[in-house]
Structure formats: structure tokens, C-alpha cells
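Have a look below at one chain only, the form predicted on its own, in C-alpha cells format.
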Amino acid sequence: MSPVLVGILGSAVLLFLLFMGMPIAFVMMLVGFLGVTSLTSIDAALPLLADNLYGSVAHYPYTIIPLFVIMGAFASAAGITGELYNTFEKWFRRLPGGLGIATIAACAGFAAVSGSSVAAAAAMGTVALPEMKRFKYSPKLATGVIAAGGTLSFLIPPSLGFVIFGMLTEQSIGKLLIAGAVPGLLLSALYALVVYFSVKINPGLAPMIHERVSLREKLLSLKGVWETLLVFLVVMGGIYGGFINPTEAGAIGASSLFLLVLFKRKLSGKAFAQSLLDTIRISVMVIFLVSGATIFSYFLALSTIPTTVSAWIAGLGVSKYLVLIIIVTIYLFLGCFLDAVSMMVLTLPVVYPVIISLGFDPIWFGVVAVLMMEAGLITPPVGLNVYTLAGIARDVPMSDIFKGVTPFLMGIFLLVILLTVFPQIVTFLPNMMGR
């Protein structure tokens, strides 16, 4: 049996086991192990399995995962979400859909100290949703804004999405994190425009708030931003300047937020224990996924499928942008059934070599891939952010939340187009880094 045929059969078994409900990390480990055994020998497959499982846990740069996750937990405990929302609410409340725009701005601010989109959606849901309900905002718009705004934590650094992409592709995590900054701000602006024009077209979605806020109140409210700004500048400024690596930046960010929580006396023993448990749960899940993806990647490499697919696409003579459109469409389809991290670890072993063979910049593609993972967080039926909001807004049907979040997908697609036409938006900051 040819290596390519073995690879195709292995991929078919993988898809079958996924649809049967087996966890994706263990599916990739099992299929990868059996595939390597088939193409080489069990004497080669067993050490590969053991080395990858140990290496995923023992590899020093991977400690960035729990550090970025716990940053979000400490940020929530410190009340940063509420302070950010109160600040931006005063500045934007009199615009059409002003509370929704303030929510997007607060989500962007929270994303600067948290790498978890689900945590961002949950934290902002408890703060912003009651306020929008109080001012008679449409439940669809209110929940859609929060679900979409939460996805910004997957793009704006520190982002867990870029950490995973860097681990799987061996690209610089520091450059990937820096590359997400400008696109993250652009996506925030596009989300805000979606809110603004939705309300302009249908004023019934969000009644205007006529209560004025004095300039003095607005300026005083900015004190709620300094904590976020300080942590972001220390973490990302250190990476950009080459003074610290991403792992050290995660440690500094987590320590800073921990000290901030202690200073504010907002961290109870129960909250601290829950933060640690959530961090352990997410970190173990990600590490097992990366380990499984690595083993499966070895199998695919031995099967020669990635190189065969790359050569086949190159022989078609079609535009590389057509291939990119096909890949983006596949990601959009997969986002309906897989969570963002699973989608990334499952597809990159095949998609990444194709992208590189077509001449696309790997850092640029990292941003595009993360954007499509964001879309997966809000697409039915497996939109984790939507499920998170459904648990908070129990009086809003999940179908209404999906309807409310759909217009924000246009913001993601517009940004992908913009980054494709002007890739320098992504690459100019990483290219200027010291190291």
C-alpha cells in the first residue's frame, strides 16, 4: 500500500472517530501512532509517542499557555472589565448604539490582558448585558455584541491563538503576537461600525441615550484604563523591544495582575482556587491537542500528503488567491463543527505547507488563520462564545444570539480582504522587531 493511500485511510479513520465523539487530541494521537507504525515500525512509533507527550509538557516555551490563561482570570478578579466598560460607556453612550460600541471597546481593552475569548465573553456578559437591558437594547444586539467582542481576545495580544499557531508551525510567537495588534484594533473598529450602522438602519435595536456626560466626568473616567494600558505596554512593549521573550512577558503580566488583585483586595480564596483550576484545565487541553497534532503531523509527513497536495496545487496553475479563498471557505465550514483550537491543530499540518509553497508570508497567514478561528467562535452550531452568553442571558434564545452575532462575521471577512490586499498591515511591526 502506498504512503499516500495510508495517509488518506488514516485521515478517513480520524474523521470517523471525530464524528463518533472521541476527543480530538486522542484521535490524532491514536491515528498518528497507528499510521507511523504502519509506515515504519512500532519500534519507531513508541518512542515518538513518548517523546512528544513528555516534550509537550517539559518544553520551556510552552509555559506561556498557563501564564496567558491565568492573566485573564486575574484581570476578571481585579474588576478590570467593569472599569473598562464604565470608562468607554461615558465616552460613547450618546452615539447610535453607544453602549454596544462601548462594549466592543471594553472587550478590546480586556483582550489586551487576557488570551481567552470565552473568559472575555463571560466577564463582559456579566457587566455590559444588564446595562444594555436597562436601556432597552434589543436582546439580539446586546448578546451579539458581547459574543463578537469576546472573540477579540483570540486576536489582540496576548492571544492563545497565536501561541498555538507558533507552536504548531515553529514560527516566532513574539512576532505573531506583535502582528496581531494592528489587525485587532482594525477588527474592533469594524465591529463598532457594524453596531453603529445596524442601529442607524434599525433605530429600534437601541434607543438613543440623551443624558449628557461632562468632559470632566469623561476625563476622570480614564483612570479605569491605566491598569490595562500599563500591563499591555509592559508585556507587549517588552516583547517588541526585544527585552523579554514571550514566556517571560507572560510571567510578568500574570505577576503584575496578581499583585494588582492583591492590592485591591479582590481575590478571595475560592476565586483564586477557581482561577488555578481553570488555568490547569485549559492548559492541559491545549498541550494534549498540540502533542496529538505533532504526532499526526509526523504521520502525514511520512505519508507525503502535504507535499503531494502542494505539488498538485502548484501544477493547477491557478491564482494563489483562489487557493486562499478555498482555504478560508473550508475554515468557515469547519468552524460550524469544531472549536477554534481543534480546528487549528487539525488543519495546519496540511494547510500550512500549501500556504508556504504558494509564497504567502507565514506570520501574515497566522493572523488570517486566527481570524478564521474567531469566526468559528460565533458560527452555529458550535459557537463557544454564543454558548457562553446563552448561559448568562438565560432569557434570550440561543437562536436569537446567533442571529445577533451574524452581522459581525462581515467585519471578519472585510478584515481578511483588507489584509490580503495590504499585507503590510500585518508584517510591518514584526519586521521592525529587534529580534
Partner chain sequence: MGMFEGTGRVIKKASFYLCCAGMVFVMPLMALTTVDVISRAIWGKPIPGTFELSEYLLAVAILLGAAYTQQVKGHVGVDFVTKRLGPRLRALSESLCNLGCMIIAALLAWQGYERAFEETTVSDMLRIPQTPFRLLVFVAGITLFAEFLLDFVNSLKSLIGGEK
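By rigid core we mean the largest C-alpha set that fits within 1.5 Å across both forms. Only a predicted model underlies this, so the values are computations on that prediction, with no experimental measurement involved. Residue numbers count along the first chain shown, from 1.
Absent from the display: the form predicted in complex with the partner chain. The rest refers to it.
Note on the interface: of 222 to 230, 102 to 110, 88 to 96, 271 to 279, the segment with non-hydrogen atoms within 4.5 angstroms of the partner chain in the predicted complex is 271 to 279. Contact with the partner chain in the predicted complex holds for all three of Ala50, Ile70 and Pro397, each having a heavy atom within 4.5 Å. Though the partner is left out of this view, Phe263 does not reach within 4.5 Å of the partner chain in the predicted complex, counting heavy atoms only.
Put simply, Ile287 is close to the partner chain in the predicted complex: some heavy atom of it is within 4.5 Å. At least one heavy atom of Ala58 is located within 4.5 Å of the partner chain in the predicted complex. By the criterion of a heavy atom within 4.5 Å, Ile24 is counted among the residues contacting the partner chain in the predicted complex. The contact with the partner chain in the predicted complex, taken as any heavy atom within 4.5 Å, belongs to Ala254 out of Met343, Ala119, Ala254, Ile327. Relative to the superposed rigid core, the position of the CA of Leu46 differs between this form and the one not shown by 2 Å or more.
After superposing the rigid core, the Cα of Gly269 is displaced by 2 Å or more between this form and the one not shown. Once you line up the core between this form and the one not shown, the Cα of Ser56 ends up 2 Å or more from where it was. In the predicted complex, the separation between the C-alpha atoms of Ile70 and Gly376 grows by 3 Å or more relative to the displayed form. Distance between the C-alpha atoms of Met29 and Ile164: longer in the predicted complex than here (change of 3 Å or more).
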